[in-house]
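The chain below stands alone and is given in structure tokens; this is the form predicted alone.
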Amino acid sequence: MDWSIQEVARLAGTTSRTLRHYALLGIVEPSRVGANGYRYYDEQSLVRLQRVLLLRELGLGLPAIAQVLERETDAPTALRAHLEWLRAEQGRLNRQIASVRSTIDTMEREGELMPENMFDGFDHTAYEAEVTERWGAEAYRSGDEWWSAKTAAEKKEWQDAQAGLAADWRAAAEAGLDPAGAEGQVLARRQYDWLASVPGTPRDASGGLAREYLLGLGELYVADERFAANYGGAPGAEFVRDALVAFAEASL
């Protein structure tokens, strides 16, 4: 049994144009093309599309998704790993909901807030499953060890530097600068160096940041509102992405 491209687009909540783009990139190809030129998708194609949409939900860019699909060819195993991530994320969100609800109830009753209960679900280790899903267990382990070894002052210094860089990105985007221009590329180099300072980030053969990783992050900044907020929302995130694309084309 197979389904037409229009049926698949409707069922998956996407568009025929997107599906054709996926086929052009070799990410999800139709199982057959009819004599009339219509594209059809079988069950295997639908499973692959489901994986792509799940990875998009994680914020991966299309180049990174292509790498994941090429590396993880056993679809059931990959989907089980993703299911575990979804369950972990569901649990983390449930903990946050309960924590915030408890804070609201306590404040409305004018009771005493209990700090040990206010931050359940907000610890940085909650991102272990997400980082592992995107970039592997070693990336999380190295980054976590690096961060945990820092003193409180060192952590604040690093976070202040990150906030300063994000502020400079926002200012450049609001000023309407060319992301491929000199100022945009200076910011792109700073972003590259900042990312390269974190152990465990994916590297290329020369030891520099992997091009696919940098481009994937650019897509992630736009796709995930958590990251886009650092750059003033979607327009700012798009400016960062475009600057990183220009930087990768010129330097990587």
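Residue numbers here begin at 1 and follow the sequence given. In this text, all values refer to a predicted model and were calculated from it rather than measured experimentally.
Although it is not shown, the form predicted in complex with the DNA is what the next lines describe.
*Exactly one of 190, 211, 48, 56 has a non-hydrogen atom within 4.5 Å of the DNA in the predicted bound form; which residue is it?*
The residue from 190, 211, 48, 56 that makes the contact is 56.
_4.5 angstroms heavy atom contact with the DNA in the predicted bound form for residue 198_ = Residue 198: no, not in contact with the DNA in the predicted bound form.
*Applying a 4.5 Å heavy atom distance criterion, does residue 194 contact the DNA in the predicted bound form?*
Residue 194: no contact with the DNA in the predicted bound form.
*Close approach of residue 202 to the DNA in the predicted bound form, 4.5 Å, heavy atom*: Residue 202: no, not in contact with the DNA in the predicted bound form.
*4.5 Å heavy atom contact, residue 5 and the DNA in the predicted bound form*: The answer is yes: residue 5 has a heavy atom within 4.5 Å of the DNA.
*Residues within stretch 1-29 having a non-hydrogen atom within 4.5 Å of the DNA in the predicted bound form*: Read in sequence order, the residues that approach the DNA (within 4.5 Å, in the predicted bound form) are 4, 5, 6, 15, 17, 18, 20, 21, 22.
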